[in-house]
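The structure tokens that follow cover one protein chain in two forms, given apart as structure 1 and structure 2.
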Structure 1
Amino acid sequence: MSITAEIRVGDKTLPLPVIVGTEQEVGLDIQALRDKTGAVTFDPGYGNTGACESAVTFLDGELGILRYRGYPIEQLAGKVSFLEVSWLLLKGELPNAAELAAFTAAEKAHRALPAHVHAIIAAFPADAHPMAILSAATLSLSSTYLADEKVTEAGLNKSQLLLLAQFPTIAAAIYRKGKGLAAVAPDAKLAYSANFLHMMFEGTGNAAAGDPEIAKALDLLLILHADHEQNCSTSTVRLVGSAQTDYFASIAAGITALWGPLHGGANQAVIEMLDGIVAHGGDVNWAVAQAKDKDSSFRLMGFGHRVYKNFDPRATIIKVQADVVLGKLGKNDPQLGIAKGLEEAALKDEYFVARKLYPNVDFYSGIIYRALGFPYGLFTVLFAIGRLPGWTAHWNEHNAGKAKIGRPRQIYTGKNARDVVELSKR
């Protein structure tokens, strides 16, 4: 069935070209709207706006489907590594053995940070949030690598390969600086996530360093965060990149967008909320009542999603993983029980049912990070490490086409023209 669409504005009727995606999503092309009718669309929060065509990730929020380049998240999780998923997002296909070997070797070869990045991390005050430091450290890399846009032997853009390799090194350096510990050099014998745990926890007595099963669990978490189509931070990366701002600066902006508690910062906010429930004697109904109270700004963090109106498939996988990791560590974290109780109470409550609010990716992830010994402030940094290949794939996709600068319109509601009055008469 072919779909037609038109819009009438006053006495003008404009036929709208219809775009149908590969999953039959329908978009109405309104690019001629303002020229032909003088009107613009009004869509605060962009809930009905398709800002681009994209071939990276498909998401069906009603059915709870998430696929990277066509592969269901459930198949990728546990079957491939984070580096394979990174390649998939960046190149469009899973790597073959030779491609993966070259990519892995190149990633290992570029993990060490330029000296100035350590100096920048050290210069931040002790109470600075790690996301602020991560963004600044990333931005600072543009001065070092700006001209390095050539494609490496491993088949990836050099700047992008470097940042992928160095993100965990930056995160570990931030953590260790906060603890007053010297940075640990990367170990090229170790794979991506195992090396990250090594750089984080070596010499701290944390058993996560050197445990291959824990490294595998962390790798899986990174995969689950690797892309999520046009979310706030990814749209930021695309928008900033649309001004032909360099890659590192675009990613630095994405990091700051992710930091917010309504986006990636929710993983930290969830654990702080669970702490609050513990302080209320573990009473989950207290939290549910607060979240429903329209006079309160309290929200059930880790619940609800702009796109998912069903279970977030990532949350389902992470919930199982929380049991696995805590079991492996022999930890019985009362917060896990509280989180499960909270989920159960909310899913039975008419308020959450009517609004289709389900646990999202951030609901259980923080419990795993806490069990692994990551401080709360680093949770969103972990999200960022996972999301980097997605941001990069979108930055590339946007800049590969005849990208226009992103520039929304507005409906002006301020004062009409008036004359400036002299200071003595105001």
Structure 2
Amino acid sequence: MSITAEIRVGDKTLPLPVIVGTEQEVGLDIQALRDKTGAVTFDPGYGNTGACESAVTFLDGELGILRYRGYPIEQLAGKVSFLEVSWLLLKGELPNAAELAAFTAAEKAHRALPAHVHAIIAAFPADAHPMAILSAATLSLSSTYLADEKVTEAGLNKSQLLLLAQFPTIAAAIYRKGKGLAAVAPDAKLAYSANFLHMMFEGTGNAAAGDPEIAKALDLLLILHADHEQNCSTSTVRLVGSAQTDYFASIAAGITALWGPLHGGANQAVIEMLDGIVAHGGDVNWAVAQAKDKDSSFRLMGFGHRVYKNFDPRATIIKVQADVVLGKLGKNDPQLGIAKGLEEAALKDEYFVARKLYPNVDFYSGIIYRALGFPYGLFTVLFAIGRLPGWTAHWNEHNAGKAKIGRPRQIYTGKNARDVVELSKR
């Protein structure tokens, strides 16, 4: 593909180098724009700004495509484990049998938390949000493992393995603290997601603990959330890391970015919306009408996406999984019926069709998490567990190159220069 570009600012014309990605995405290199013309681009929300080149994930919002390292999400989901996907994102290729065995053994060997992390979790108030605790616990791990990280690449790899192994242990300890229950030690005989369910629900009577099918479903959910290109939290991890901030602090920053209801907290917002519809008698038509009424405060959560302009490929996979999980647990959840009714009504309504408001991954994930017994506040923590390998892959990629420290520009719209007036004359 032969492409040339130039930009004219006043009487100055600047030729722009053109970057073409492997999927024929076109980017205009404007790094010299300000130096040569005095102008900067204006792009609130960075929706049209390519901040980096990346080989981790490809996303086409127009066609509904999501690929990790070239592999379609539809092929990965249900065919490989979350640890295999983690290795893929971190290393660039799916592991062979020997690599997977060694990686799995190492993950199992490092699941236990340092004593000070348990103390930090215990010190939080009972009503503290789990994401606040997760961020603090993650940040505290730098005091334990950062010495290794600074010495060698092997030390950094170890730090990243430790966090992958300990994220579920932290999440389970947060949950059990909130329930007034003692933490459950990790079980090295169990696979990643099965061990997480064990640490969460052992001794509580929850049927999810010890059920291999439920563990497999959770593993799939983690895979669907493992990476999603340059989203808010991933961009935050890269931006913070660009200051040569350590790995744990960069991930902690990503956690706080994910916390927001417009990002990782969206699945909780979907459940709260469905609760509101239940309170109105489960009337789907009422909800659709409210969503279309510009004067209504009601918002239809879980539909549409900042990037996907048609369907979210993850939503198709997770919808099937919702039926499987609820069927397995024997739960007749009225919210699932409302969710399906909303989807059907919205897909037939011209208002939603014209705006391409299709269900996204958050629409069904919250229903599954609630069915499994996770409290609402923990939904975003589960998102973080799934997203950790993606964050890590992007942090590694950004810091492996000669990346500059992130420093966006602005268009100043404040007061012009003026003099300070003495206090008595103001």
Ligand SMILES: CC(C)(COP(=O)(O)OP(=O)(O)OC[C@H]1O[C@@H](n2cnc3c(N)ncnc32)[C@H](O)[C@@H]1OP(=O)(O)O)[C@@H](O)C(=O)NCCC(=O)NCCS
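Predicted, not measured: the structure shown is a model, and the values here were computed from it. Take the two forms, superpose them, and find the largest set of C-alpha atoms that agree within 1.5 Å; that set is the rigid core. Residue numbering: sequential along structure 1, first residue numbered 1.
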Assignment: the form predicted together with this ligand: 1
Residue 293 C-alpha shift between structure 1 and structure 2 of 2 Å or more, rigid core reference: yes
CA of residue 352, rigid core aligned, shift of 2 Å or more between structure 1 and structure 2: yes
